[in-house]
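Below sits a lone chain in structure tokens, taken as the form predicted on its own.
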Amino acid sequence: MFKAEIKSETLKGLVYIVSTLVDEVKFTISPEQMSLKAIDPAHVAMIEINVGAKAFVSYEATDSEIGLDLDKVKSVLKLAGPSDNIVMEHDEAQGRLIFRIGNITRRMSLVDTSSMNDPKVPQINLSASVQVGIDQLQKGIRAAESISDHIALEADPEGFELSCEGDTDMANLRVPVAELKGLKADTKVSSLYPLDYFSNIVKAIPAGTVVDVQLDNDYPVKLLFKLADGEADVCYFLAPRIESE
């Protein structure tokens, strides 16, 4: 069984972040948390999210799985105002998830999860770690979007930099160590990443969030951040773009 009540803004933040990669997703539910792992069709990026029971207004669950079409969930979210709560209840007999928002009830058919595999989360140690406000990352994305289809992330003991170079133009955003929330970088490290993937996830992260950006030379970048007042952990991996000699 699964029955939970959650703030609409919390659910919206989670759904929009996952939908940057996939249209359908499997939620694994336990008495302690709701979790998911998803990888995009091109295997360029993956995401893992663990939402603790305390992220919900109320939460009752036993071990189960629920498959959802995220576009349908977004249509439900459009019915809710920023201050509304959404009640979700699994109707196991009918194979549906019931959403209640005030006096509105929406019954949604579930997606078959039998063909949805759990991707393996990479276990990699990256030498640099940068804690930066999402507003800085979003600012760097805005500067890069009209110039190139890839973006370089660089960390060194003095700060963090986002940069891009096109055929004729260049842009970069330098964040000195004094303006960061934290920095661990013994030497300079940098990698190139596809801008569309990086932009999509950065734009979906709520304002005020601090992101832990972990990177190394020509390795995937790992973005770690929290949602739902710290009760939901998000881990996002993006593969590097390796430039041929």
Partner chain sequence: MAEGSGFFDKVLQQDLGTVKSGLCVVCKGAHLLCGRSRCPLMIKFYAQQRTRPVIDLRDLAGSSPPAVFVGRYGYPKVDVGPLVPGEFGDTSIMDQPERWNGKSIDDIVDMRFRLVRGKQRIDAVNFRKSKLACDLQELALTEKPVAVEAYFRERPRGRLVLDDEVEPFGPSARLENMVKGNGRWERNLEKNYYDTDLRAADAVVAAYRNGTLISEIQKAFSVGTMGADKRRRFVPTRWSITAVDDIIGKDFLSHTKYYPTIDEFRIYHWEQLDNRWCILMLPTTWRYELIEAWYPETTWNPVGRDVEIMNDFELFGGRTDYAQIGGCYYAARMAVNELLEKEHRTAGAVVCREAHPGYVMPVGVWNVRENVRMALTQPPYKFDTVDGALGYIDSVMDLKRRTWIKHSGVLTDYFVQRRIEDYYGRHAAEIYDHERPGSVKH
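Positions refer to the first chain, counted from 1. Owing to the predicted nature of the structure, the values given are computational and were not obtained by experimental measurement.
We do not show the form predicted in complex with its partner chain, though everything after this point is about it.
Chemist: Taking 4.5 Å between heavy atoms as the contact cutoff, choose which of 180, 68, 189, 46 touches its partner chain in the predicted complex.
Modeler: By the 4.5 Å criterion, the partner-contacting residue is 46.
Chemist: Find the only residue in 29, 185, 201, 39 having a heavy atom within 4.5 Å of its partner chain in the predicted complex.
Modeler: Contact residue from the list: 39.
Chemist: Using heavy atoms and a 4.5 Å limit, would one call residue 241 a contact residue for its partner chain in the predicted complex?
Modeler: The answer is yes: residue 241 has a heavy atom within 4.5 Å of its partner chain.
Chemist: Quick one: is residue 135 in contact with its partner chain in the predicted complex, heavy atoms, 4.5 Å cut-off?
Modeler: Taking the distances in the predicted complex, the answer for residue 135 is no, it never comes within 4.5 Å of its partner chain.
Chemist: Indicate whether its partner chain has at least one heavy atom within 4.5 Å of a heavy atom of residue 117 in the predicted complex.
Modeler: Yes, residue 117 sits close enough to its partner chain in the predicted complex that at least one of its heavy atoms falls within 4.5 Å.
Chemist: So, in the predicted complex, is residue 194 in contact with its partner chain at a 4.5 angstroms heavy atom limit?
Modeler: Taking the distances in the predicted complex, the answer for residue 194 is yes, it comes within 4.5 Å of its partner chain.
Chemist: Within 4.5 Å of its partner chain in the predicted complex, which residues of 68 to 104 have a heavy atom? Give them in sequence order, or say none.
Modeler: Going through 68 to 104 in order - heavy atoms within 4.5 Å of its partner chain in the predicted complex - there are no hits.
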